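First, one chain by itself in C-alpha cells, the form predicted on its own.
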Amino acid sequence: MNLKNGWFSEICPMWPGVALSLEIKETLYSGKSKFQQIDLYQTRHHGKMLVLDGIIQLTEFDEFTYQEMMAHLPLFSHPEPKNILVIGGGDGGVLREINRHTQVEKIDFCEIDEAVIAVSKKFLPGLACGFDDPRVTVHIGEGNGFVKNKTNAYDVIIVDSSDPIGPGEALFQKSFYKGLKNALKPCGIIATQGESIFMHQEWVVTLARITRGLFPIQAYANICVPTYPGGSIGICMGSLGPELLTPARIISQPLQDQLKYYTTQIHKAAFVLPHFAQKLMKEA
C-alpha cells in the first residue's frame, strides 16, 4: 500500500532507496484491470495524478512537459508526417499534442489496457480529449503484436510505454524495435520512452544500443519532468533518414502559442547531454 497518512509514496524496485511522495486530498478511483492496478488521486498541489501499479504516470501539474516532447520532437523532426502510430499512453496526452499538427492525416493508437482509457476519459478530460479527433483510430491490444502486422505504414511511431515491468516489459526488447523499424516508411522516425539517465542507466544504454544497431541515425533526448524520480526522463529516437537534432519544419506562431514546453530551441537543447550521459551513449 503506497498511501499512508494522506501521502502517496512511489516506491519501486527499479530505483531502490528512493521514494517520491505527494500529498493527497482524496482518492478518485482505485481498481484493478486485467493487466494492472489503476489509481487516480486528487493531490494537494499537483492536480489529479494517474498511478499504474504504484508508479506515477502523470500529474496535471507537469504532464505537458512529457506529452509535448514525446509528440513534437519526432513530428517536427519529420519533414512531412502524415501517418502516425502511437503505442501506449492510454491517458491520451500524446494524442492531444499530435492532433495539433494539421498535416497529419491518420493516427493509429494501440493500447493494451482499455481500462486506462476509460479512467482517463472520466477523470482526465484535459488529456483524454486527444481521443476526440476523427483522425484517431483506437486499437485495443498488445503493441508488439500490432506492429508485427505492419510494413511500410507509418512516418512516425511514438511508444509512450510504462516502465519495463508488468505490461510494458515487452516494449523494451530488440524484437519489438525490429518490428517498429519494419512498420516505418522509408524516411520514418521512432520515438520511445527512454527511461532516466540518472535512475536507469542500464536501460538507457540498452535502448541506445538497440536503436543504434537498427537505425542509421540515433539520438537520445533528456527532458525535465519534476514528478518523475530523478526529475527527468529520456526519449530514445531512431531515424531512417531525417536529421533529429534540429527541426525539419518551422513551428507556426499559432501552434507555438498553444504550447508550454516545446520550442525550436528546446528541441535542439534536449539532445545536449551532460558529460556522464555522453559517455553512456558511447558505451552503446
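Each residue number is its position in the shown sequence, starting from 1. Just so it is clear, the model here is predicted, and its values are computed rather than measured.
Although not depicted, the form predicted in complex with a small molecule is the subject of the following passage.
Trainee: Would all three of Gln57, Ser161 and Pro229 be in contact with the small molecule in the model of the complex, where contact means some heavy atom lies within 4.5 Å?
Mentor: Per the other structure, all of Gln57, Ser161 and Pro229 touch the small molecule.
Trainee: Since exactly one of Ile233, Met69, Val51, Ala219 fits, which has a heavy atom within 4.5 Å of the small molecule in the model of the complex?
Mentor: When the small molecule is considered in the model of the complex, the option within 4.5 Å is Ile233.
Trainee: I need to confirm a contact call. Of Ser77, Gln193, Thr211, Asn99, which residue comes within 4.5 Å of the small molecule in the model of the complex, counting heavy atoms only?
Mentor: Partner contact (heavy atom, 4.5 Å) among the options: Gln193.
Trainee: At 4.5 Å between heavy atoms, is Trp15 in contact with the small molecule in the model of the complex?
Mentor: Because a heavy atom of Trp15 falls inside 4.5 Å of the small molecule in the model of the complex, the answer is yes.
Trainee: Counting only heavy atoms and a 4.5 Å cutoff, which of 117-125, 153-161, 79-87, 131-139 contacts the small molecule in the model of the complex?
Mentor: Heavy atoms within 4.5 Å of the small molecule in the model of the complex occur in 153-161.
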